[in-house]
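Presented below, as structure tokens, is a lone chain in the form predicted alone.
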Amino acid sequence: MLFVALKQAALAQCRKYSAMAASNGLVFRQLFEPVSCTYTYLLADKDTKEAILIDPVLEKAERDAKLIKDLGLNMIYAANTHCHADHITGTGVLKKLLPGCKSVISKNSGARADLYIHEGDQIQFGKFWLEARSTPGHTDGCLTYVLNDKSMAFTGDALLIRGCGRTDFQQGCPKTLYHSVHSKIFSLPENCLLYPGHDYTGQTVSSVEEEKRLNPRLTKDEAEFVKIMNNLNLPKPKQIDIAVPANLKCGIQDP
């Protein structure tokens, strides 16, 4: 019953923020993949119909393509926040389902893509754009995408709701992650809404103010944060052996 209540509250919260975004001409949808608990985000300009999809998942590519077609949108970019280890990206399949769509990732990820972006680059869709902020520490190629008015940021695995991405594989470094979050995410306006790459408790969104005040890891000093991250003792991600090689090739696996 508690899980159902949390899920209902999360859905209501998501609808609220979708309505707020629509008031300024931004189409916004938060989508979920339950196996890896991954969030995928659709953003589009209501007038020009240009759209971008952040962190698509292979198993949900057809769902995402259908939604984009149903809404009459033209998806110009499928962007990943980093090279994922817990799921295969849907980018490669979406390029086939939605001709004209280009894949986007950080050059530092080492992955294949149509467009490589760096710190400060902008991804334009209609009158809106996303600013890329380099937030390494979980991986070398992690990016946080910030909406042009700084009302929303998509943090991938660098910052989760009351947590953060692990730092024990894929070039992970707790010191680097600590400085990334504090300098690139916590420097945003306190009312900026933060949308993570995953959530495992039914929450959908947080804010800079909330995480600066309530995040049990990132409210600690650097030394304590490093100690916490070095002693998580987490199991190996179930899909890492197939996900990372596939994601280095834009999600297209060898036959």
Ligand SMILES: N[C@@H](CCC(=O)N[C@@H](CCS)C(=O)NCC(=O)O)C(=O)O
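One-based numbering along the sequence shown. Quick caveat: nothing in here was measured; it's all calculated off a predicted structure.
One more form of this protein exists, namely the form predicted in complex with the named molecule; it is left out here, but the text below deals with it.
Checking 85, 93, 73, 146 against the named molecule in the predicted bound form, a heavy atom within 4.5 Å turns up for just one residue: 85. Contact annotation: of the candidates 117, 153, 181, 164, the single residue with a non-hydrogen atom within 4.5 angstroms of the named molecule in the predicted bound form is 164. Taking the partner from elsewhere, residue 198 is found to have a heavy atom lying within 4.5 Å of the named molecule in the predicted bound form. None of the heavy atoms of residue 185 is located within 4.5 Å of the named molecule in the predicted bound form. Mapping the unseen interface onto this chain, residue 160 counts among the residues with a heavy atom inside 4.5 Å of the named molecule in the predicted bound form. Within 4.5 Å of any heavy atom of the named molecule in the predicted bound form lies no heavy atom of residue 49.
Heavy atoms within 4.5 Å of the named molecule in the predicted bound form belong, among the stretches 97 to 105, 121 to 129, 166 to 174, 73 to 81, to residues of 166 to 174.
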